[in-house]
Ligand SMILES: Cc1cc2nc3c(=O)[nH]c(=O)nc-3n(C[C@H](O)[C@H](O)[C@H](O)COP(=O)(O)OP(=O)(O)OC[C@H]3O[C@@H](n4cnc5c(N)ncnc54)[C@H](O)[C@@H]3O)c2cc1C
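In structure tokens, one chain follows: the form predicted on its own.
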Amino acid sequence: MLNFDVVIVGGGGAGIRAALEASKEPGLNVVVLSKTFPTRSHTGAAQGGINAALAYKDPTDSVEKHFLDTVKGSDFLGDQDAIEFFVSNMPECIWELDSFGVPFSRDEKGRIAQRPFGGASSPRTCYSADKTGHVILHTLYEQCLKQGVKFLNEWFLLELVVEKEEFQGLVAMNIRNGEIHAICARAVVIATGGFGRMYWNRTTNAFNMTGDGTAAAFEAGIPVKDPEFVQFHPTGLASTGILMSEACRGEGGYLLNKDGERFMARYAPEKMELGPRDLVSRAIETEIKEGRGIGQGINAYVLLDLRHLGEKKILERLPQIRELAMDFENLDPIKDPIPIRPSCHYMMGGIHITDFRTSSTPVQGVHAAGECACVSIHGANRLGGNSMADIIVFGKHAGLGVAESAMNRAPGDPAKLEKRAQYWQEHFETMRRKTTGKKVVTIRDTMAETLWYNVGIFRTEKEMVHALEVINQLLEDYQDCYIGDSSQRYNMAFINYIEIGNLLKLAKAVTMGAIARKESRGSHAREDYPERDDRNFLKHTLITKTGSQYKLDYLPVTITKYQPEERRY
């Protein structure tokens, strides 16, 4: 049996930032378990930047302004003690990244460059052209190698083993040879990213964003918090959903309808294209719905126009955007506007965090950080540039927290772990032999289509109740799946089967939370309850899974300084 003091599940930004910090504790044996090679993790897709109130671009900017912007952006659902901790730590975290060697873009004085982002009252988004996530991910990986962190690449989490709310270890598959291992550990950090792939074709997420860690924690009895809050990024490419960074609007890009009108004047007259993402996404969908989009039905879109920025600025600050537009839409944004439409981008909800200073959960020894976790700092709507900041601050503190846990906890029970590994071995063999049943891809496509049309940007009770009925049926159908691949090595059909099962469990939680929240707040826009209802719903949703039973509960929001008020942009 494999034995480690600390296991980090997930090789993206939050995971390797946690690994780097935990590995600084002398004597701790730290390993990162990653489904893909770490530098191919989804953090690499983060384009626009990372927020910190450095006040370089705008001397009037401050931590307090970042605090208020984030509270307001969250539609007052974010916990203000956690938000204050988050924004206060960000400047130091940026300087730390700078010292690690992250190649930030520079201003004319040689300082870290900053640009405007949606919902921000000052330009505070630090960036490296439009490849910020890519360079941070590579730099942190290099630091981990320097620190001697061990990596198990192409390993897949199957189960978190928990006994009486105490972490024991985990079960994972080595994808390369199909071997299933029990891993004994003292403590773990889950950092597996979001689960936007439940919308499959209409998402900016990579194919591996299937909520594996969130689902494993959910199955182990850890609640999922605020799952109904799904962020739809305003500017996904019309044909594929691929992200066109908020940096496009931050650098001055326009949104145009079919008449060439900058329609954001109708929805956010002051901020225009730099309104928060929930507001801009709804504005685009309203333009399409009222006949001012281009094209029909699912293929309709509006335009993102960068032409007036000029060739020099586009090549210098948005080179990846240009490449993506040329590769996937066959047009050059220097000469042509880009067809775009909102696309599922980010999950504000996730694994329930009980202590933001250590990123710990209700289960002793289990920590979580990054998009898979809900602290909550993003509340009902995340601001652009705050997700990269989230993974750096809370990845670091998850590393500190898990190191402390590991030093104070005994290793898990080997017999219990071997028993669960044996279960998974038998299940793998059963699925390899099975030759009939429901097709995984059919279940996946039905789930995605059902969510897009019924639990999307605009929601109603009737549509979501229908979606829940469909998802319940899919969960039953899933029990009779077959994967059609008998391979032992690199059996990606089996991996995909587990991934779709994970997404289905979480899709049910998303839909249950959305039905129960009878108000409109942030990204959760109900046509039958169009107003925010602080009296009844200024609270977090908590959904717990016990066996096949899902239980819904609520938790108060922490408000320290800013009382809820109407958001205006």
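Here the structure is a predicted model, which means the values were calculated and not measured. Don't overthink the numbering: it's just position in the shown sequence, from 1.
From this point on, the text means the form predicted together with this ligand, which you will not see here.
Undergrad: My question is simply whether residue 49 lines the interface with this ligand in the predicted complex - judged by any non-hydrogen atom within 4.5 Å.
TA: Answer yes; at least one heavy atom of residue 49 falls within 4.5 Å of this ligand in the predicted complex.
Undergrad: Would residue 273 sit within 4.5 Å of this ligand in the predicted complex, counting heavy atoms only?
TA: Taking the distances in the predicted complex, the answer for residue 273 is no, it never comes within 4.5 Å of this ligand.
Undergrad: If we define contact as a non-hydrogen atom of the residue within 4.5 angstroms of the partner, is residue 140 a contact of this ligand in the predicted complex?
TA: No, residue 140 sits far enough from this ligand in the predicted complex that none of its heavy atoms falls within 4.5 Å.
Undergrad: Residue 35 near this ligand in the predicted complex, any heavy atom under 4.5 Å?
TA: So residue 35 counts as contacting this ligand.
Undergrad: In the predicted complex, does each of 218, 510 and 541 have a heavy atom within 4.5 Å of this ligand?
TA: None of them does, since no heavy atom lies within 4.5 Å of the partner.
Undergrad: Considering 388, 161, 455, 348, which brings a non-hydrogen atom within 4.5 Å of this ligand in the predicted complex?
TA: Checked against the cut-off, the match is 388.
Undergrad: Give me the residue from 374, 318, 157, 417 that has a heavy atom within 4.5 Å of this ligand in the predicted complex.
TA: The option sitting close enough to the partner is 157.
Undergrad: Using a 4.5 Å heavy atom cut-off, which stretch among 67-75, 190-198, 89-97, 253-261 contacts this ligand in the predicted complex?
TA: Checking each option against the 4.5 Å cut-off leaves 190-198.
Undergrad: Is any part of 12-48 within 4.5 angstroms of this ligand in the predicted complex by a non-hydrogen atom, and which residues would that be?
TA: Residues within 4.5 Å: 12, 13, 14, 15, 33, 34, 35, 36, 41, 42, 43, 45, 46, 47, 48.
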